[in-house]
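Next up: just one chain, as structure tokens, the form predicted on its own.
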């Protein structure tokens, strides 16, 4: 069970940051109307507002480098909590930005997982 949770968490992280770095508008497919993002303390709810926030960040391109991924089962219904730490390299910047991000993945009625909760913080 633990290996499966870790495997799903890693696969999600790989997919999420690949989309973020190469096709940010496609992240909308990972959220639902009930999803909530807390981005640097700002709370945003709903797929449209979340994707709008992510697409309006002041950089078009970036590269995430993941340092750690920790995953845990979140409930008896099949949810997973994923905690990520790493860095973001922005074009033209010499020093990467350190970040932490937490995802609560929740199952849909169809058996897929979506991002119910997403919390992001830069680490200074």
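Residue numbers count along the first chain shown, from 1. Quantities reported herein were computed from a predicted structural model and do not represent experimental measurements.
Beyond what is shown, the protein has a form predicted together with a further copy of the same chain; the following relates to that form.
Discussion item. Let me test this: is every residue among 36, 101 and 121 within 4.5 Å of a further copy of the same chain in the predicted bound form, going by heavy atom positions?
Written reply: Yes, the whole trio is in contact, each within 4.5 Å by some heavy atom.
Fill in: Contacting member of 93, 70, 48, 60, with respect to a further copy of the same chain in the predicted bound form [4.5 Å, heavy atom]
Result of the distance check: 70.
Worksheet entry | Exercise: residue 113 in contact with a further copy of the same chain in the predicted bound form, heavy atom 4.5 Å | It does not: once a further copy of the same chain is placed as it appears in the predicted bound form, residue 113 has no heavy atom within 4.5 Å of it.
Practice prompt. Give a yes/no on whether residue 43 approaches a further copy of the same chain to within 4.5 Å in the predicted bound form, heavy atoms considered.
Written response: So residue 43 counts as contacting a further copy of the same chain.
Practice prompt. Verify the contact flag for residue 81: yes if a non-hydrogen atom of it lies within 4.5 Å of a non-hydrogen atom of a further copy of the same chain in the predicted bound form, no if not.
Written response: Residue 81 belongs to the contact set for a further copy of the same chain.
Discussion item. In the predicted bound form, does residue 74 come within 4.5 Å of a further copy of the same chain, counting heavy atoms only?
Written reply: Result yes; residue 74 sits at the interface with a further copy of the same chain in the predicted bound form.
Item to complete: Would you mind checking 6 to 20 for residues with a heavy atom within 4.5 Å of a further copy of the same chain in the predicted bound form?
Response: Contacting residue: only 6.
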